[in-house]
Every structure is written in C-alpha cells, then in structure tokens.
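Shown next as structure tokens: one chain only, the form predicted on its own.
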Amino acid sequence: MKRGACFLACLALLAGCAGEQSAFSATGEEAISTLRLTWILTIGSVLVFLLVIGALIAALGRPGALRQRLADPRMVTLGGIVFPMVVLAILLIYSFALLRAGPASAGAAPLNIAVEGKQWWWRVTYSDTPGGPVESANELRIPVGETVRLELTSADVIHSFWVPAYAGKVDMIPGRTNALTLKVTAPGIVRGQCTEYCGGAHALMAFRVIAMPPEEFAAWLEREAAPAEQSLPGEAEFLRAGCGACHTVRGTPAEGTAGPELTHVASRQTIGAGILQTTPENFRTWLDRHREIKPGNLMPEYEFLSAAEREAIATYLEALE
C-alpha cells in the first residue's frame, strides 16, 4: 500500500516536469540559462554529497592508513575549507556570467508591453503602435527573437507574474512598476499564472503567452488595433444589457474599463483568464454560469436577461474576432 502511494506521488511530481507551464520546457533565454544553472548545481551538489558520504563511510569502516589520512589536519583544511571556497567561488562567477548579472548592455530598443494585474484577470496594453496603445486581456503575444520589455503593475493587491518557460517570476505591487525583459527563442504557446495569493479566485488567474514569428506578430497587432466589425448580430442586446459600462468594444458605444477589453475577444485562446477554451459553446457557458466557474468574479449575474437575450449576446461575442 505504501509503495503504491509512493509510486503515485512520484508520478504526480513527474507530471509537473513537462508541458506548457513547466520550467523544464524552457524556450526563453533567461529560462534556458536558469535551467542550465539548476542542472549544474543539482549534479554538482549530488557529486559533493556522494564524495562526503564516501569519505565518511571509509573513515568509519576502514580503520588504518586511510582513516589516518582522512583525519590529518591538512585534509580537514583542504577538504573542509579550501575545497568549498574554490568550488563556491567558481559557481558564483559562472552563475554571474551565465545570467549576465550587472548593467544591461546597449542594444536595439525593446518592444514595450504593459501588463496590469487585477482581481482576477490581466490587462495587457501594447504601447509601441503607430496609432496609439492597443489593449487586450488575459493573453500576451510576443515576437520570437526580439527583446520584449514587460512593465508590470497592479491595480489592487499584490500579484505576481510568472511564465516558467520564459523567465522567473516578478511581483506586481500597487503603486510601483517592475520590469521583466524576455527574449523567446522558438514559437509556441505557454501558460502563465499569478503566483502571489491575491484573493478568492487567485488559482483561477492564468493567462497564455503566444510567441509568434515577427512578421506574424506584426500582422496580428495590426488586426488587433482595428475596431470591431460594425452592426454585428447581438450588438444591440449587448449594449442594452449594460455590458458596455464595464467592457470596451472599439468602434461601438461600449467604452467601459472596469472589465476586460472585448474588441477581438473571440480571437483569444481562452475565456475567463485561462479557464475555458474559446468556443461558441463556452461563451454561452460563461454567460450562464460564470459565478460558478470563477467564484468571486465581479461580473453581474444578469438574471433579468431572457434566454434569447443571452443567446444574442453570446452570438455577438463569438463574432468579435
């Protein structure tokens, strides 16, 4: 029974060693360097541990000349003082060089993206665009091979931005802006998560990071900056229900800023900050059961809406691509 429990526990641990939210699936420059240093430190510490245990066993079980040599004061000095100092100094210098500690080197101007943590979702603003800032939510798109500077802030409580496959976590503190620089080496989709407890729906505050070839990113950003298509079915019901008081749909009277921006919501990977995949059915599911799916979220229940009105609003949302 105990062996079976241990086996299942090991499987559970191994399940976290791969996938879209694993530090072992590193494709960002910082994450790759950190992973390499982690392996070096882990393997080195295991070798030192085995060396010490081997010396201890030899000293206890093999009396005689070997035991006398191990007990020699010079061996104690070399093994207990000199060896650790040399090894730790080498590792310290190597880690500084690997992680490029020190002042940042001059280079091409990075792409600046602002990410604001809120309870319990993410506001993402692309500021380096010809027509002015472009806002999205719960999804971050970046070009492969280019330096991206994330300006991380919080609108309410302390959050923490972490994308294990790309870089270490950075706290988001109200009234302060912290910066994180990323450079992704390969296209792909990974998952990020808030890693600082920020309230009831903290565990349901995830996001996707989509790394794209530069030309695809530029084309996507141009589409993202465009207003929504006009006079779509369900727009009237959306506005009449008051959704525009909290959400923005560019090109329409909906200009609310309390909730996520919805101009191109149907083109995003997920609904509700990483909870549901974006599908027509899930738009309806979210409208009907969002308080059950994400307890504590601030979106009203809208119980006064008829089934036909909810269907019309869902139809409108799925058309916002």
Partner chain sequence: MSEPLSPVPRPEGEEDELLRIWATPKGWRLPTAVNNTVIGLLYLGAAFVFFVAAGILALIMRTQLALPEQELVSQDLYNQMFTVHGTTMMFLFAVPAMEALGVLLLPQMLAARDLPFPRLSAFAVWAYVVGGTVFFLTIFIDLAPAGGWFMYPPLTLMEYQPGDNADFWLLGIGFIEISAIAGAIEIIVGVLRTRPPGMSLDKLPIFGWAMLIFAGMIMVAFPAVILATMLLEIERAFGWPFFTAELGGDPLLWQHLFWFFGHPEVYIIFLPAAGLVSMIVPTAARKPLVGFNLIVVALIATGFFSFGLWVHHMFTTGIPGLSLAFFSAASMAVAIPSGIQFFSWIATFAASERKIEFNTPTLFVLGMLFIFLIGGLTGVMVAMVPFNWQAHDTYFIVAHMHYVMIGGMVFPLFATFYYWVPIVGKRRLSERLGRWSFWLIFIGFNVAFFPMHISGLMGMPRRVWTYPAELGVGPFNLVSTIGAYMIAAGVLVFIIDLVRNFRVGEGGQDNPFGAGTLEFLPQDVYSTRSIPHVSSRYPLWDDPDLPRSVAAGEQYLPDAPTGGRETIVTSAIHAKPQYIVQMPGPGWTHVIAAVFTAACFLLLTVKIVVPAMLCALVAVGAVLTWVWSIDKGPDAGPVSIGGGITLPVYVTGPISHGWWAMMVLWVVAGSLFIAFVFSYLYLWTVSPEVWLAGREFLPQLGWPLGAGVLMLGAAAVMRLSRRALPSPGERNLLAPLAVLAAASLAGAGITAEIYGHWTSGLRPTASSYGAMVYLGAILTAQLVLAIAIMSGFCAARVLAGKLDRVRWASLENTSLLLYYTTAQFLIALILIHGFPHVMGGAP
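Numbering follows the first chain given and starts at 1. Each form is matched to the other, and the largest set of C-alpha atoms that superpose within 1.5 Å is called the rigid core. Only a predicted model underlies this, so the values are computations on that prediction, with no experimental measurement involved.
There is another form of the same protein, the form predicted in complex with its partner chain; it is not shown, and what comes next is about it.
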Practice task
Flag this candidate site as yes only if 92, 156 and 167 all have a heavy atom within 4.5 Å of its partner chain in the model of the complex; otherwise mark no.
Solution key: yes
Practice task
Let me know the one among 128, 196, 151, 222 whose heavy atoms come within 4.5 Å of its partner chain in the model of the complex, would you?
Solution key: 196
Fill in the blank from the handout: The one residue among 133, 227, 213, 84 placing a heavy atom within 4.5 Å of its partner chain in the model of the complex is 84
Handout entry: Listed range touching its partner chain, judged in the model of the complex by heavy atoms within 4.5 Å, from 214 to 222, 138 to 146, 227 to 235, 157 to 165
Key = 157 to 165
Problem - residue 112 within 4.5 Å of its partner chain in the model of the complex, heavy atoms - result: no
Practice task
With heavy atoms only and a cut-off of 4.5 Å, decide whether residue 202 touches its partner chain in the model of the complex.
Solution key: yes
Practice task
Spell out, yes or no, whether the shortest heavy atom distance between residue 37 and its partner chain in the model of the complex is within 4.5 Å.
Solution key: yes
Problem - residue 281: touches its partner chain in the model of the complex, heavy atom cutoff 4.5 angstroms - result: no
Practice task
Between 34 to 51 and its partner chain in the model of the complex, list the residues on our side with a heavy atom within 4.5 Å.
Solution key: 34, 37, 38, 41, 42, 45, 48, 49
Practice task
Once the core is aligned, please say if the CA of residue 259 is shifted by at least 2 angstroms between this form and the one not shown.
Solution key: no
Practice task
Would you tell me if residue 93 moves between this form and the one not shown by 2 Å or more at its C-alpha, with the rigid core held superposed?
Solution key: yes
Exercise for the section: State yes or no: after fitting on the rigid core, is the Cα displacement of residue 55 between this form and the one not shown at least 2 Å? Expected result: yes
